[in-house]
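Below you will find one chain, with nothing else, as structure tokens; this is the form predicted on its own, and questions on how it binds or moves follow later.
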């Protein structure tokens, strides 16, 4: 049985990112939010586009006002008013100034802006009451960004700040990686859809709904293949079909050692290479990770599909997705860094227990208490079959192998799932 860290290393080594030539598409800027940039972006524009004022005030020559004070103010003639969006017509000469507003173009001859609070105006004259610093409140052309240089690198997720930068740079269309395709199906004779009536012995297939939501949150495209009965022929067909259309295949159930657990045998019959069959983790011990031979037609892009056979219990499905599948999707998507799970050291509000035999994850919520994050364990059973108390989970507390107790107020490592 593999340790969690070894399993993670194997999985990430198996993942080949999408190709930056074949696996890209061009999208409009308004459709680019949360997409991964596939090529570096530059702009023909300088930022700022021209020297401009950072303050409402007066554009002046520093040499005229460098000795100004309340006792001996410098008096200048106002020869022009320059609002934002206006092209100055005058050149500021000795003893002159221009009324200027934030963002407006600096007039020729002026090199400094005196904020209006440090002045007094009388008709067409302004009294400078304080000596400014040279070039104060002037934003110089190209001081933020120089035209033609790299504006944004490839491999980053485009969030609101990046979208704003690209809009300002007049980049209306972008080359981004396509969304990874993730096929999802559940196995089990006992499963029914959420819209079907339950019969004795049946349970709702919550796993497929949960995985579809998680895949969407990751930025990938879920391909839902439904419920497959515990029947080898049907299972073989859906695995074959999934491997032909997806970058990653996720199944839940059928990977343990029961009489109706057929997934591993079918993968072997399809000549898939099984890299992982069990991980030293609770919940989620039965975990199959496999790759398909590329010479058999199982290739959506430039790489072999990666198969994850997840456990059937709901808590196990969520924990193994957060711990192993999500990092794989991130790396596959083209993000250049930051695939690995993010762990924080926080204070535990509750007593946390484990038998110490496997790396154990307990679900709950992070709360900010007096400026310090605390982990609050979800109440109720932490059985792998208990789905109910997983609601509102935003973190998993980690108890490593050999650790049986974390006391209240003691430090604990948590896997952060959603920003609290």
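Since this is a predicted model, take the numbers as computed values, not measurements. Numbering follows the first chain given and starts at 1.
Although it is not shown, the form predicted together with a small molecule is what the next lines describe.
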property: Residue (of 206, 240, 135, 91) lying close to the small molecule in the predicted complex, criterion heavy atoms within 4.5 Å; result: 206
property: Proximity to the small molecule in the predicted complex, single hit among 334, 305, 180, 312 (heavy atom within 4.5 Å); result: 312
property: All of 48, 52 and 104 within 4.5 Å of the small molecule in the predicted complex, heavy atom check; result: no
property: 4.5 Å heavy atom contact, residue 261 to the small molecule in the predicted complex; result: yes
property: Contact label in the predicted complex: residue 223 to the small molecule, heavy atom within 4.5 Å; result: no
property: 4.5 Å heavy atom contact, residue 111 and the small molecule in the predicted complex; result: no
property: Proximity of residue 156 to the small molecule in the predicted complex, heavy atoms at 4.5 Å; result: no
property: One stretch from 318-326, 141-149, 71-79, 197-205 that, in the predicted complex, holds residues within 4.5 Å of the small molecule by heavy atom; result: 197-205
